[in-house]
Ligand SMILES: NC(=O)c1ccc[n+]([C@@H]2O[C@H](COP(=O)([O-])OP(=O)(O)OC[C@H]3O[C@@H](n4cnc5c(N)ncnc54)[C@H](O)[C@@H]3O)[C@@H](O)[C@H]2O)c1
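Below you'll find only one chain, the form predicted on its own, shown as structure tokens.
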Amino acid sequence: MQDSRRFTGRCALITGGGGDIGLATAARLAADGADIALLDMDSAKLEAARDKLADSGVRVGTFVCDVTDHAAVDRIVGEIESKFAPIDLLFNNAGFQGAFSPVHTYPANDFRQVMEVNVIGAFHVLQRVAAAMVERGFGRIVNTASMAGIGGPPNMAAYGASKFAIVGLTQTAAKDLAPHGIRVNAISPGFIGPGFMWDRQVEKQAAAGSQYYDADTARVAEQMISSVPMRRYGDLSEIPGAVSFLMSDDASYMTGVNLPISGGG
């Protein structure tokens, strides 16, 4: 019987593959039939992710790489393409949230690190994978931006700036790569919870000391939720379907799109 899953015979590379969003999306793309190449700088997280995908029925490969290292990205992507499978789908997702501080006291070294991971690292991966896609005349790329890149959040100068940059990179790459049969889009998750990242953001905003959030974490959580039209944070399970859609033929006319996953607004 022919396998009718939408990505059968395709290979998906997921950066930040050991993290929550990366792993959840990998599981969805595997369920859609794609072979999965997980890339992360944390080998322990990669092994745990591989174990969780063990029963997915597709091939799963893990690759340790720091996306800020251009030479390492070039080498690892070449290894994936030659020894695992040509990359048809890229979820360019590795990221770093950084510090929480008003812009006039924001630590410069942290700003640099966030930009290195979230922008320069994302560019390294996109450029190297896109070059291989151009040779084959096919590719689907989804970058992880953020609602922080749509409306600049207080106390998050580096993260907000980095995600604005990802939206711009997506739009330019979409134009440059469209003649080669490659679509490039982005997703912009809003508040996602529960879990470590939600708890960290609540705690850090409470500690930052600003007019926008209370000093009490319980109150900060309420303030953040009240800013969302649906009056709830997003669930991790609500992200992978959007990525799968943007990579699929159902979105065949969409490129340069930034898809909010925000609970409205």
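When you see a residue number, it is the position in the sequence shown, counting from 1. Please read all numbers here as calculations on a predicted model, not as lab measurements.
Heads up, the form predicted together with this ligand isn't pictured, but that's what we're talking about next.
**Q.** Full three-residue contact with this ligand in the model of the complex, heavy atom 4.5 Å, for 139, 184 and 258
**A.** Negative, none of the three is within 4.5 Å.
Q. Tell me which of 26 to 34, 216 to 224, 40 to 48, 53 to 61 has residues with heavy atoms within 4.5 angstroms of this ligand in the model of the complex?
A. Stretch 40 to 48 is the one.
Q: Using a 4.5 Å heavy atom cut-off, state whether residue 202 contacts this ligand in the model of the complex.
A: Judged by the heavy-atom cut-off of 4.5 Å, residue 202 is well away from this ligand in the model of the complex.
Q: Answer with yes or no whether residue 159 is in contact with this ligand in the model of the complex, where contact means some heavy atom within 4.5 Å.
A: Yes - in the model of the complex, heavy atoms of residue 159 and this ligand come within 4.5 Å of each other.
Q.
Please determine whether residue 212 contacts this ligand in the model of the complex, using a 4.5 Å cut-off between heavy atoms.
A. No.
Q. Just to confirm, residue 192 within 4.5 Å of this ligand in the model of the complex by heavy atoms?
A. Residue 192 belongs to the contact set for this ligand.
Q) in the model of the complex, which of the listed residues (173, 117, 87, 76) lies with a heavy atom within 4.5 Å of this ligand? A) Contact with this ligand in the model of the complex is made by 117 alone.
Q) Can you tell me which residues in 59 to 81 come within 4.5 angstroms of this ligand in the model of the complex, by heavy atoms? A) If the 4.5 Å heavy-atom criterion is applied to this ligand in the model of the complex, 59 to 81 yields 65, 66, 67, 68.
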